Ligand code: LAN
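Taking the form predicted on its own, here's one chain by itself in structure tokens.
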Amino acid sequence: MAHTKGVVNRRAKGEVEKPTNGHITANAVGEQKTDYSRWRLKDDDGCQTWHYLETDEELKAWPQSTADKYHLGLETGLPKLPAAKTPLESAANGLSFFSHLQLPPGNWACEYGGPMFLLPCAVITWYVTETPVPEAWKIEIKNYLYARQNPEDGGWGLHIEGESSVFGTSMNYVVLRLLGAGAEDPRIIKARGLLHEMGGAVYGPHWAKFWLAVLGIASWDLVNPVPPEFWLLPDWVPLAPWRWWIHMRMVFLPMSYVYSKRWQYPLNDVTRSLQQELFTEPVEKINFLSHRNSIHAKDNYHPKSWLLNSINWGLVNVWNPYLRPNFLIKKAENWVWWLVQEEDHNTEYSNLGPVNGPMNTLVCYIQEGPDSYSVQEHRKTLPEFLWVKGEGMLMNGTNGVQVWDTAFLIQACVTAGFAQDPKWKPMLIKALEFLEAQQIREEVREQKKSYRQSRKGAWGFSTKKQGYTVSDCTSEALKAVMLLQNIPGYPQLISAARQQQAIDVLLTMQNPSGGCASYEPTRGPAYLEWFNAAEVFGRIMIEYDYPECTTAVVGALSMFTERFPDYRTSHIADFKQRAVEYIRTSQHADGSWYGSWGICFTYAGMFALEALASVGENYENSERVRRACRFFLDRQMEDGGWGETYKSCETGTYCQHAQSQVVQTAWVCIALLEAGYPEPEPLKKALGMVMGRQCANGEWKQEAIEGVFNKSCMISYPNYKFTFTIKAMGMFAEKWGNIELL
């Protein structure tokens, strides 16, 4: 059984903390913890970094904020509020609490954790590039990994709610040892025992084997080929990497450079010891080449195809030893290096995400050396992915969720009628100012040559600095801007021309199916999944159509047309017609839609019914909407709520959670309200449950994980419990009145 929530109690009864280094404490068995009153979150135009203050002078100069305390799991000191009896009272209490978490630039921050393979990317990169790691970071990274260690088997999974795997266990075992954990620590011994039961680290997936080779712990023979020559394929070739999904190709890019160089960190005492600890036989006896395709069943979510195995055999046994000419190697490495440089330049070294960021750092280190400008810049920006919470320090799935969460908060406030209340106007103006500052204002240099989607006028998921267009982020941010700027008294910060630029970007995002993908339209054929080498993820090779993204774009286009009816009228009408038809055809026979970015059917159904409502399709006039409502109502739980587990994403079948979830209940309520479901009773019962779980200070506590990517990996969206609950309460009050539910 996976360890799904809570903090492991690392202090046995009767043990007393004792100071070891001033403000760092340790218990009787030497387990250390930093002083959480010394952590501070800095938000520089949306770029979020955590800092540990060493001196009392620093503490006086930089007081800890309410947001700092909340994110660290400390008492916020926020007061109890009058008990809510109606939906709008509950929404107001929730907003009262959430408003205290707004950061100076106007955005909200949060943990964006969940995946357990991200910290190893950073820590291994720091180790092999000999980047100093602050002591406070070492302590809290270890604390987080211990907190998330499965208490029963001692391992780690792909994500925090997942079953232990070779990938999660081997990589996080390595991290702990590199950061100073002893090989004879009982928790390390337990993890090692599990790893050996699973066959040892040779049974890890491709990415794990790559990092073991980088560390010098394993031979490069263990790693299936990642040839940079693929980047020399002409663009018209269906297999060309520019056609792959952006995250896959931007990981493959630096990985191929390192693989081609066969670069390894020199062995030292720690890594030599790891060679003995990670495998079930002496390292000198291991035939690493024979284990290229060895993988444990827990890691083999997407088995490699026979075609990919055949290609890898040819590359290993024929191409690499006999046919691979030096001139082609040099040409490929130079081209890959150029593309890495462009990625670094276009993101100001933030990079797309926390996998390619560390890998790009390593490429720069190999190519330009430890003291180069590029390496120094990477060392500055990698901390943007780090997050500190009550359990310790983790790695976020991007450099934040800033634009996404801020847009949804604005929309929720407008829906609930709070935008007209002078009390909330300063908060909302700050939020609007943040979105204005984060709109991307120019294209990247060498846009076509570096295979980048148009971005002028778009919004990304996190910040303008990261700089990647995302279809639904652009749509939700634009909707938030239009909603606020349409209310008298709010500043017109984003001009009509800039809103039109956002629409121009959105109109480039539609696929032939009518649906929309995430970062860019689908570029490659579906059969590219035959070449999926990651093993632990599904649907990773190309962009796909998503009901969530498609709905967001449809909603933005509809709202824009109301305000600017003469701008690209025919283009927008055609786009919407095809998009809505895609929403219709993607519905399952049981009335549901599969969600790819949230868990799972509750998430997608909310968006799909919003899209249908935007074109006048509702419960009264549409059989498909009635089927969707019935799908949800058949799954309402005894307490009135809804809840599904992450297994829904993995299996494609609705998997009931043992307990209803506040966030998923809010999603279903929004879905039913968008659909125009004619009976209030299911909604009253559902929102009564949500209100019943609200704390006296307006907060809702964190429950199960909310998000997903690539079908198999879950990720946290902790601000959803505020934004979507407030929106659901507001929609109910507008439809059925602000009646007492408690």
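Since the structure is predicted, the reported quantities are computational estimates derived from the model, not experimental observations. Note that residue numbering begins at 1 and tracks the sequence as displayed.
Omitted here: the form predicted in complex with the named molecule. The next part is about that form.
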**Study point:** Listed residue that, although the named molecule is not shown, lies within 4.5 Å of it in the predicted complex (heavy atoms), from 404, 434, 257, 646
**Key:** 404
Practice item. Just give me the single entry in 518, 661, 360, 551 that has a non-hydrogen atom within 4.5 angstroms of the named molecule in the predicted complex. Key: 518
Review point. Which single stretch, out of 232-240, 337-345, 497-505, 518-526, brings residue heavy atoms within 4.5 Å of the named molecule in the predicted complex?
Key: 518-526
Check your understanding: Are all three residues 112, 248 and 710 in contact with the named molecule in the predicted complex, where contact means a non-hydrogen atom within 4.5 Å?
Key -> yes
Check your understanding: Looking at the partner-bound form in the predicted complex, is residue 244 within 4.5 Å of the named molecule by any heavy atom?
Key -> no
Review point. Could you tell me if residue 94 has a non-hydrogen atom within 4.5 Å of the named molecule in the predicted complex?
Key: no
Check your understanding: Is there a heavy atom of residue 397 no more than 4.5 Å from a heavy atom of the named molecule in the predicted complex?
Key -> yes
Exercise for review: Decide whether residue 424 counts as a contact residue for the named molecule in the predicted complex under a heavy atom distance cut-off of 4.5 Å.
Suggested key: no
Exercise for review: Could you run down 463-491 and flag each residue that has a heavy atom within 4.5 Å of the named molecule in the predicted complex?
Suggested key: 470, 472, 473
